[in-house]
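Quick heads-up: it's one chain on its own, the form predicted on its own, in structure tokens.
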């Protein structure tokens, strides 16, 4: 198990991290190209940039949106996302791994903050799953992956918490650490190919919404031709 753990922390980590970064870069570039393509073909090229920026900030920091509808569920969702972003990126042990394998590092979270955010993320994920099950509307609209994704995302948090804060035997520690590393690397690979890619697309959501409805000048004629209403009185 020691050799497998070393392989997982070394070559496999670098490979899966590269897949995630390159995959997200591909998704982002394709999205940007489609935005420019839609804007270039648009008849009306006016975009309310002030409104776009304001709404983008509201979606990225949804403090006001949280209290509009289903405030408790929305609050747990926001806390869950905050933990998902901050703990994996700024945890001291993770930053040290980056320094060793990738050659760079960033500032880290204080121990108390990392501990609290980990517990909060686990609690928030459990609350979201229960809330989705108990709410009739959410349960009706949810797919299997909507329940599976929070569980998959929770595995690195739970296993990492066990390794860092619970006294377990050496063999149990190696097992949980292996599960921690492998589950995180599985998430790395899945991120660019699932809806979790919205972590890089979210800032562009309002731009897409505004540019997507800028139809090309010939749209009216094509619609009329398709409906066999060309030249018909309005």
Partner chain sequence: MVQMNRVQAVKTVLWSILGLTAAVGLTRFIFGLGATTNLSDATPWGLWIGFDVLSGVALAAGGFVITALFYVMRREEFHDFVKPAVLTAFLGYIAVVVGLLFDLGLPWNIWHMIIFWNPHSPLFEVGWCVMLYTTVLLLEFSPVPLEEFSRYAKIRTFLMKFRFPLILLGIMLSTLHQSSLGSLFLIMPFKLHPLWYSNILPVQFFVSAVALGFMMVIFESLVSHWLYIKDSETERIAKLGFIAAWVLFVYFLLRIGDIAFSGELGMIFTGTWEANLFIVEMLISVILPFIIFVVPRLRYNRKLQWVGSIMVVFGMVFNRINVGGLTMIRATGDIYLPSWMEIIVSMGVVSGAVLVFMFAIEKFHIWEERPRHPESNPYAPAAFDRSSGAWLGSPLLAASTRYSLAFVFAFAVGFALIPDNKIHSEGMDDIPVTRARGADTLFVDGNLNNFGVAFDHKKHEELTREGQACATCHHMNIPLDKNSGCWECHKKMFTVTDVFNHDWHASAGGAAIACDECHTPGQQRRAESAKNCEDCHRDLRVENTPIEVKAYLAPSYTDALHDICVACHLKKAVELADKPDLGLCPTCHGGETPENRRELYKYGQAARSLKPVVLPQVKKPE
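This one's a predicted model, so the numbers in the text were calculated from it and none came from an experiment. Numbering follows the first chain given and starts at 1.
Another form exists, predicted together with the partner chain; not displayed. Remarks below refer to it.
> In the predicted bound form, is there a heavy atom of the partner chain that lies within 4.5 Å of any heavy atom of residue 123, even though the partner is absent here?
No, residue 123 stays farther than 4.5 Å from the partner chain in the predicted bound form.
> State yes or no: in the predicted bound form, is some non-hydrogen atom of residue 71 no more than 4.5 angstroms from a non-hydrogen atom of the partner chain?
Contact check for residue 71: no, nothing within 4.5 Å of the partner chain in the predicted bound form.
> Applying a 4.5 Å heavy atom distance criterion, does residue 107 contact the partner chain in the predicted bound form?
The answer is no: residue 107 has no heavy atom within 4.5 Å of the partner chain.
> If you check in the predicted bound form, is residue 166 within 4.5 Å of the partner chain, heavy atoms only?
Yes, residue 166 lies within 4.5 Å of the partner chain in the predicted bound form.
> Three residues, 15, 22 and 92; all within 4.5 Å of the partner chain in the predicted bound form via heavy atoms?
All three within 4.5 Å in the predicted bound form.
> Going by heavy atoms within 4.5 Å, which of 123-131, 81-89, 147-155, 108-116 lines up against the partner chain in the predicted bound form?
Contact criterion met by 108-116 only.
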